[in-house]
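First, one chain by itself: the form predicted on its own, in structure tokens.
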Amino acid sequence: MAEGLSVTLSQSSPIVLDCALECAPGELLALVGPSGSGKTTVLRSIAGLNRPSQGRISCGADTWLDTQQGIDLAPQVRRAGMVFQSYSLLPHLSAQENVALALLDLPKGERIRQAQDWLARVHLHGLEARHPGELSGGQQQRVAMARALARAIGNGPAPAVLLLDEPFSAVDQVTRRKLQQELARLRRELAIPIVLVTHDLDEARMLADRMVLLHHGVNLQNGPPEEVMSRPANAAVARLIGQTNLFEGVVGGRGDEGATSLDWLGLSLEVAAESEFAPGTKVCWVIPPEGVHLHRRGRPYPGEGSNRVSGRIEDRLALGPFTHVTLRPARGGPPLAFSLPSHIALQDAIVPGAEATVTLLPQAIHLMPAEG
């Protein structure tokens, strides 16, 4: 990707890395994965704060790292602005002075002008003289963002990238939502690659164009967030993204229109997508909770003859407007999880021990290779 960010990293210690990623100008790429998966190490490698054993990093036509060629540009030479989880603001400097630190190669007057401009763009006009201790957590985060943007694109035309390491984790939920909205608006004005490290899948889903799922330093899957969440590459990915409805089955025959059948608990389920697996193949499969639809009591369900599963309610947990339910199939096997509006759960007496029937939407069932 000559016009964007391209990264290939490999090392065996202290944290294993074996991953590759690309991010185009104007694109926001989210790095997600459990703690210790290598997300921050990848970000620090891009910024030049970590040197992998082997790798290549380029931004635009510029090569920042190429271990085979002996190229390793210093962090201050790379046009990478980074927002750390702790913000890393200098407490004895004002907000304006913290931002101006990213512009030291400019004349003093220009540094001040640009620092003021960047603080205004993150809605901190009038607070330039305040020190970090006089700012709220959200305001400190904005100062860190302004400094990173000044570093990435305030010094000239060279290729640049914005790196965000869990930037919203230290603020309360209301401030977090406001800052996420500000980032979404700000990124529309920035034609640079943006890489966001987050453990929050909802945040990645909301903000990112694409996400890379890392585990033990390895890139397990790369794609649009909705695709990764609904169509995981394998059972390991399904578990990492929190898919609760993960089962085993056997591929059946194919219908006249290419639809696949799936044998599970003695049932023949219809799968809308054409399968890459031959009939008789053991597979894992998932269905997101939103793909499980409850049959309302006394109300006919459209297409209720397809993919019906009956059983007993095993557990229900009301969480505000939605209630999370698990259904133990009458034919045995692990439970199915789904959610429904809390008022419907009350109306239909969805309580532990009650009998219920659900339909599994054929278009929501996703097949994956069997484990082992």
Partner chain sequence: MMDWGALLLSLKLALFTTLLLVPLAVLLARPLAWSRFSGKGLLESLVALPLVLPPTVLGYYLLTAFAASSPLGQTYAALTGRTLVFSFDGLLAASLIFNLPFAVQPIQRAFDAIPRAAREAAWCCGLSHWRTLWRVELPLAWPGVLSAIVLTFAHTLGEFGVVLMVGGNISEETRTVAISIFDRVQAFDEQGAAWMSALLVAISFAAISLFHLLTRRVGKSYG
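Positions refer to the first chain, counted from 1. Computed from a predicted model, the values in this text were never measured in an experiment.
Just so you know, the form predicted together with its partner chain exists too; it's not on screen, but the next bit is about it.
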Quick one: which of 70 to 78, 243 to 251, 287 to 295, 273 to 281 gets within 4.5 Å of its partner chain in the predicted complex, going by heavy atoms? 70 to 78
Could you check which residue among 126, 266, 107, 133 gets a heavy atom within 4.5 Å of its partner chain in the predicted complex? 133
Have a look at 330, 346, 49, 318 for me and say which one sits with a heavy atom within 4.5 Å of its partner chain in the predicted complex. 49
So, residue 90 and its partner chain: in the predicted complex, are they within 4.5 Å at any heavy atom pair? yes
Hey, in the predicted complex, is residue 147 touching its partner chain, heavy atoms inside 4.5 Å? yes
Just to confirm, residue 238 within 4.5 Å of its partner chain in the predicted complex by heavy atoms? no
Could you tell me if residue 102 has a non-hydrogen atom within 4.5 Å of its partner chain in the predicted complex? yes
Three residues, 39, 168 and 199; all within 4.5 Å of its partner chain in the predicted complex via heavy atoms? no
